[in-house]
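One chain is shown next in structure tokens, namely the form predicted alone.
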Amino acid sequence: MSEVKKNLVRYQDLIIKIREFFYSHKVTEVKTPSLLLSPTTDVYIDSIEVKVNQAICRSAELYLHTSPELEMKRLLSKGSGDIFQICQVYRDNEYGKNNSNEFTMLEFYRIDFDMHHLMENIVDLLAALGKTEAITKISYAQAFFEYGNIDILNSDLKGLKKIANSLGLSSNYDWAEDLQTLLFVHLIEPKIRQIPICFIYDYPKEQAALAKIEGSVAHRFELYLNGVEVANGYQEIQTANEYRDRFNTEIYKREKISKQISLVDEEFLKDIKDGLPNCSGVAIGIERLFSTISL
């Protein structure tokens, strides 16, 4: 069997095992649209714009989804229950060893799961895929205490700039979250490369994205497999008003750094007017996962 064939079969086996896992847990597989009316508002992710129907005089500008997140949340708000999806997603201005303009994403949501319950569910999924090494769970703040002797949650922008300068790093940033991320990359990521399975959880509230905030932390986590980030999960916010506030904040920040901006997606807010159920969700990069799994 050729190496190409072996890799194709291994990848196929991975997808089969993922689907079998969710089917066995009564999680429903869904398919949502890839072409959307609005681009993402995420500050650090860019949508790819496409023009359609030009030859039939019905020209329209649409956007390839950067994740199925909002479309799946529409389903959650309508009573879908636990759902998962495996799909291609598309992002502009992505390049590098672990980044691509197109990649495969697994995204799933579990009803009445908090962030820690969802992490346990991911551990079960990894075990079903044959990855059974010891699990390390450490909060964002504890990681900075242990690996950098830094009180990251109580360091303001001025303090973060001072820390960055002391390490010979650029401090030319306007927002605390950018410096937090810079310090994480330089101080924390090198320390967790030797850890087979590592969850970092409870990020600073400045990095909340669409996760619930409690005090100074956002109930959000990332999963690293031997130092490779493969998953990003949240304990989800639930009301249309919360989503409106987060979208407006993201749009403001995109405008400040001269990125493509759009209006708040009013149709989405209308569709979730009754709110989302209590749930947590996660996005997992399949190619990154595949590179760390031996089937």
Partner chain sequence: MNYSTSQFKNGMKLMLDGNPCSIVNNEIVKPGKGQAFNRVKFKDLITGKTLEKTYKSGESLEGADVMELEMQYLYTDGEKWHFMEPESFEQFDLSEESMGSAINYLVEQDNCIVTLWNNNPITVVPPIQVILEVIDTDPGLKGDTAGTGGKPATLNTGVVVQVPLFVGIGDKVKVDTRTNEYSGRA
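Positions refer to the first chain, counted from 1. Fair warning: this is a prediction, and the values are worked out from it, not measured in the lab.
As for the form predicted in complex with the partner chain, it is not shown, yet the points below apply to it.
How about T181: is it within 4.5 Å of the partner chain in the predicted bound form, going by heavy atoms?
Residue-level check for T181: yes, a contact with the partner chain.
Does any part of I45 reach within 4.5 Å of the partner chain in the predicted bound form? Heavy atoms only, please.
I45 belongs to the contact set for the partner chain.
Should R91 be counted as a contact of the partner chain in the predicted bound form, where contact means heavy atoms within 4.5 Å?
So R91 counts as contacting the partner chain.
Wondering, does H186 line up within 4.5 Å of the partner chain in the predicted bound form on heavy atoms?
It does: once the partner chain is placed as it appears in the predicted bound form, H186 has a heavy atom within 4.5 Å of it.
Within 4.5 Å, heavy atoms only, which of Y63, Y234, F268, F247 is in contact with the partner chain in the predicted bound form?
Checking each option against the partner chain in the predicted bound form, the one that comes within 4.5 Å is Y234.
Only one of G215, G130, P190, G79 gets a heavy atom within 4.5 Å of the partner chain in the predicted bound form. Which one?
If I apply the 4.5 Å criterion carefully, the residue I get is P190.
Quick one: in the predicted bound form, does every one of N154, D156 and F199 get a heavy atom within 4.5 Å of the partner chain?
Looking in the predicted bound form, the three residues N154, D156 and F199 all stay beyond 4.5 Å of the partner chain (heavy atoms).
Among the candidate stretches 107-115, 80-88, 141-149, 165-173, which one is within 4.5 Å of the partner chain in the predicted bound form when only heavy atoms are counted?
Careful reading of the contacts points to 165-173.
So which residues in 92-125, when you check the partner chain in the predicted bound form, have a heavy atom no farther than 4.5 Å from it?
The stretch touches the partner through E94, Y95, G96, N99.
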